[in-house]
Every structure is written in structure tokens, then in C-alpha cells.
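Only one chain comes next, encoded as C-alpha cells, the form predicted alone.
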């Protein structure tokens, strides 16, 4: 029986995810075939199924693989000494993929698939909940430290913060003239003016 090298298996899996992500972003999930993924990855159809059960599993892995580093950074932000600085860093962290060519289109495609597929919807909801939880934790800590308006409801405000970040993705995916990198400073300014406490 052939022994599987874990490092090679992981590297090959990541290669499949990378090439599939580009296809999903440019063609969409429905129009991308497993045969196309295999051709792009340089492997046979049978070989692909050593790594993934089906095309949907590849699609979910695109987002799961992106989340591993983010999860660690969100946890570190929650424990940071300065909650306001950590909050701005989290905004940059969550907004960063919107500045890349493929990510906005992948996010839009994920939203479409979430409407059709409960498993995709569950994965996205879980991811969104984790992001909002971290933002809410930092909002509570920043309010307690007198850094933001204490009258803001942390949970509702966290929802608005993540919604505003999401607008970078929808803008980049739907408007060719929209440059997310150019809009990020404006987003930070909007959030700062919204969140900071007014002098009393």
C-alpha cells in the first residue's frame, strides 16, 4: 500500500484550491467544471478525488484555507492591549482581500451559492459570526476605555462595521471603476467618525 507524504498531499491540495479559486472567480461555480479544475491543476479527474469529494468541497476549501491565519489574528486582536488600534487593524485585515483581483468576485459567488446551498450558507454564516464577534468584543473594550461612543450598541454596531467592509467587496466586484485600495482610507474615516465619542 502506497504511503502518502503529508507535506506533498497538503501542497497538492493547496495547488488545486489556488487554481480552482481563479476559475470560480472568473467563471463562477456553476460554469466551472471539475475537468477544467483538473486541467488547470495538471492532474486527472480520478486524481482530483483523492483530495476532494466533489466540486463543492473544492469551493468550500477556497474559503476554509483563507480562514486559518485570519482566525489566529482575530483571536490576537481580541487580547490586544489597545482595543481601538486593534479594531482598526481588524478592519484592515477584513478589508485586505477586497484589494486583490479575485477575492471580490469569489465573495460575490459565495453569496450566490449560499442562497442555493445550505452548507455554503452555514460556512459563510459561521465566518461572518466570528468576525462580528471579534469586532463586538473590541467595541465593548474600546467603549469601556473611553475611546468610542459608549451609547453605541456593540452587537448592532459590529454588524454595521462588517457591512461597511463588505461594501468594498461588492463595489470592487460590480463596478470596474471602483478601486477598493483607494476607498479603504475613506472607509476608515467613516468608521472613525461614526464610532468615536463626541466631546461632552
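Numbering follows the first chain given and starts at 1. Throughout, rigid core stands for the largest set of C-alpha atoms superposing within 1.5 Å between the two forms. The structure presented is a predicted model; accordingly, all values stated were derived computationally and were not measured.
One more form of this protein should be noted, the form predicted in complex with the DNA, which is absent from this view; the next part is about it.
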query	finding
In the predicted complex, residue 132 touching the DNA (heavy atom, 4.5 Å)	no
Contact label in the predicted complex: residue 34 to the DNA, heavy atom within 4.5 Å	yes
4.5 angstroms heavy atom contact with the DNA in the predicted complex for residue 28	no
Any non-hydrogen atom of residue 47 within 4.5 angstroms of the DNA in the predicted complex	yes
Stretch in contact in the predicted complex with the DNA, which is absent here, among 146 to 154, 133 to 141, 162 to 170, 50 to 58 (heavy atoms within 4.5 Å)	50 to 58
Contact residue in the predicted complex, from 179, 18, 9, 188 (heavy atom within 4.5 Å of the DNA)	9
Core-aligned CA displacement of residue 133 at least 2 Å between this form and the one not shown	no
Residue shift check between this form and the one not shown, rigid core fit, residue 190 Cα at least 2 Å	no
Rigid core superposition, residue 179 Cα moves 2 angstroms or more between this form and the one not shown	no
